[in-house]
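First, one chain by itself: the form predicted on its own, in structure tokens.
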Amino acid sequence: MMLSANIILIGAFLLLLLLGTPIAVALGLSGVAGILTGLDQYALGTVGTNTYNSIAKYPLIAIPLFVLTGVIFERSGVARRLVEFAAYFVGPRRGGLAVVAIVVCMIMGGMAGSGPADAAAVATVMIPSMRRAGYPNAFSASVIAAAASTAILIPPSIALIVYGVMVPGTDIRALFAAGLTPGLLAGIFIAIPTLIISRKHGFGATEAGDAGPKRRFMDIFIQALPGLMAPVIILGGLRSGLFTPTETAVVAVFYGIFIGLFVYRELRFRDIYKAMAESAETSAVIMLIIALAGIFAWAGGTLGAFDSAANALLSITDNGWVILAAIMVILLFAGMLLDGVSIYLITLPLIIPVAQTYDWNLTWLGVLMALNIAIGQFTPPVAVNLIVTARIARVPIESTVPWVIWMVLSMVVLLGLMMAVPDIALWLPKALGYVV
């Protein structure tokens, strides 16, 4: 009976996904189907409780607040000033604007915590400039989609917050610290093929030949400083213990509003209302997924589906590295289809028992999963970041394949390094005392 219920639970979920059902609905309905098959109609009384309990967690308040932070900073003119600041240092050279786009994506990722939001903000500002400088739209869309994936690593990451809430014994501060170095390395690993391709094909020849009027460094720095201070405030508040991750999100929102209203003066009160409405819509989607995933998780745990899947995976081999590689391949394909939050919610009940069997460091595992999911976010044929940038660049996704594949391969190399050397992620949280 339990076996058939487990098959129905997983089978219904996969079938609903193939039919194009929204991920939240697929999770909820398949969970209910599993409960009805393996338990009884009285067990349906747990549906409401599990739905509520899934989101009745204090740290999750940070998610809508960080989403709002990203929208506020996008509308307040921060992205444009960060572009000018990064462009000053990179200078007029072939591939320069592409590197600027990568740097700005990384900085904006430290405010928004969401890859698609980061991709949308930077693509809107950068793609017209890159087009004028001689970059093909498909290449520009590829670079920005890849660079925006660093938002899932660089704190504050919404996906890492969800991971920290779901996995007992993990510290969100440790996850944030562990994601910083891999996030910065990811930007470098994306920049390497970007520069090689730009120089080989002569992209950005116009910007290399015309530096344009040179503005004073101090003028550019002063304009960009409020935006540059946002990650400092977020990370500094966490490190000093002045704010919890949730309280930091509140501070970031008010800081962004202050900059937009009184420093840059590009934000009006009606814009704040629009930003709140937009972020509420985005946050509602994320929280609905988390809420209905609670039904799926409870059903899978009660019926033993996740334990059975974990045991099946462990029965393949007793080599932990082979198991880890298999998990990474599964996550890579999942990253092409789903957002990071959904992947964590679906796969963690399966992966955590395996991790405990092999005594993997859970902070390292969370960042390793995040890096893998980041690769999936810009890997065709279905890639959430690439969908956003391709739409803004007005190119079909298939036209990005010749360019984006090199960035995917470069990031896979980084993933291999992270698997082989856990201290790439763990040295900072260890130094800060978050991980023993």
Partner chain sequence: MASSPVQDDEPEAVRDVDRPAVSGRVEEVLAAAAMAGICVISFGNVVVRYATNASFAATEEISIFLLVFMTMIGASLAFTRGGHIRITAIVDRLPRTARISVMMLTHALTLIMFALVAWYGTKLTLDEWEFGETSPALGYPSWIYTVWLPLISLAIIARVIGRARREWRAHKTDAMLTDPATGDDVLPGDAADPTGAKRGTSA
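Just so we're clear, the structure is a prediction, and the values are computed from it rather than from any experiment. Numbering follows the first chain given and starts at 1.
One more form of this protein should be noted, the form predicted in complex with its partner chain, which is absent from this view; the next part is about it.
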### Query
Among L288, V83, L362, I323, which has any heavy atom within 4.5 Å of its partner chain in the model of the complex?
L288
### Message
Please identify the residue among G204, G110, P116, G77 with any heavy atom within 4.5 Å of its partner chain in the model of the complex.
### Response
P116
### Message
Whether T49, A56 and V388 jointly form a contact site for its partner chain in the model of the complex is the question; each needs a heavy atom within 4.5 Å.
### Response
yes
### Query
Given that the partner is absent here, does L60 sit within 4.5 Å of its partner chain in the model of the complex, heavy atoms only?
yes
### Message
Can you tell me if P156 lies within 4.5 angstroms of its partner chain in the model of the complex, counting non-hydrogen atoms only?
### Response
no
### Task
Spell out, yes or no, whether the shortest heavy atom distance between V413 and its partner chain in the model of the complex is within 4.5 Å.
no
### Message
How about M407 - does it come within 4.5 Å of its partner chain in the model of the complex, if we only consider non-hydrogen atoms?
### Response
no
### Query
Among 325 to 333, 69 to 77, 227 to 235, 353 to 361, which stretch sits within 4.5 Å of its partner chain in the model of the complex, heavy atoms only?
69 to 77
### Task
Using the arrangement in the model of the complex, list in sequence order the residues of 22 to 48 with any heavy atom within 4.5 angstroms of its partner chain.
P22, I23, V25, G28, L29, V32, Q41, L44, G45, V47, G48
